[in-house]
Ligand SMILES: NC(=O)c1ccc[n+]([C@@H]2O[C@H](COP(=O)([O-])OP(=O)(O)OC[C@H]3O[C@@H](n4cnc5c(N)ncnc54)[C@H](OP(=O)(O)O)[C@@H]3O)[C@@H](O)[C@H]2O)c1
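In structure tokens, one chain follows: the form predicted on its own.
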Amino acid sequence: MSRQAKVNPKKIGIIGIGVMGKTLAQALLNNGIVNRETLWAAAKTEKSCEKARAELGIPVYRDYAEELKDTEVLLLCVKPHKISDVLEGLKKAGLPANVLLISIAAGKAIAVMEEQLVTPNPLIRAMPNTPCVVGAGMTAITAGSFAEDAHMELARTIFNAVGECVELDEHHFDAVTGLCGSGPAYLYLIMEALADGGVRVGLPRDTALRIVSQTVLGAASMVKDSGRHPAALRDDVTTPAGCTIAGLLTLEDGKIRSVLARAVEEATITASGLGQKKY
């Protein structure tokens, strides 16, 4: 008989209450997906538990075995090298086979997690990025062997609460990690460099950074909302013998295209080994 997931589950647990765990918890509450009586979290130390309780106003435990029997969805928000320990702990605690697991551990393949679990739990792998903190994140999700459409709908509901969500085959996930997961860091570096350029030509640093932030936000909105290729939008700005073409040629001299593309490639290669590392 086909299992059906609820779009508004009765109880959700979050294991790992770091930046992403807290972000998802707050989004679940703010969007009415659960309330404070039906959301709980788990942390490794009592100090972390106390801090999360104060910030979120929800129960936060070190030992959460008793909570599992009434929980319908578990968000696993731990580092890749910790996911095996978490899954082993869930097995020992008697995780019910109908609980939906959503893992954000980069590099940890669904097949590996399912093999360790043994039970036929629906499992979804997700790759969010840090702009989820401000509700502008990008998350990719993919389904495990026992996850059905309703489970994926619930995952989309959760991650749409912190930005946008796209469904992809799992073989794309290392690339998603290299582009989506690491991408904000590349853009922060570019923004810092552009602000430095503004300072070099006389702008106050805070003004330069404000201009850069809005310029990047505006350019991203143009690409997203217009549906036009970035090259076409770039041509709109690039007038003959103008200052933009002078700046663009300087960037091309620095091989900016290949450097950025190679950054994604290298990050993707590294992502493929994250699930195997022990540190």
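Take the two forms, find the largest set of C-alpha atoms that superpose within 1.5 Å, and that set is the rigid core. Treat the numbers as computed from the prediction; the structure is a model and nothing was measured. The numbering used is simple: start at 1 and walk along the sequence shown.
Beyond the structure shown, there is the form predicted in complex with the ligand, which is absent from this document and is the topic of what follows.
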Looking at 29, 43, 58, 212, which has any heavy atom no more than 4.5 Å from the ligand in the predicted bound form? 43
Pick from 147, 90, 102, 105: which residue has any heavy atom within 4.5 angstroms of the ligand in the predicted bound form? 105
Contact of residue 269 with the ligand in the predicted bound form (heavy atom, 4.5 Å): no
Residue 25, heavy atom within 4.5 angstroms of the ligand in the predicted bound form: no
Report yes if any heavy atom of residue 205 sits within 4.5 Å of a heavy atom of the ligand in the predicted bound form; otherwise report no. no
Partner contact for residue 38 in the predicted bound form: the ligand, 4.5 angstroms, heavy atom: no
Which one of these stretches, 90-98, 105-113, 155-163, 195-203, sits within 4.5 Å of the ligand in the predicted bound form when only heavy atoms are counted? 105-113
Going through 14-44 from first to last, which residues have a non-hydrogen atom within 4.5 Å of the ligand in the predicted bound form? 15, 16, 17, 18, 19, 20, 21, 42, 43, 44
Could you tell me whether the Cα atom of residue 19 shifts by at least 2 Å between the shown form and the other one after core superposition? yes
Following rigid core alignment, is the displacement of the residue 228 C-alpha between the shown form and the other one equal to or greater than 2 angstroms? no
Aligning on the rigid core, do we see the C-alpha of residue 210 shift 2 angstroms or more between the shown form and the other one? no
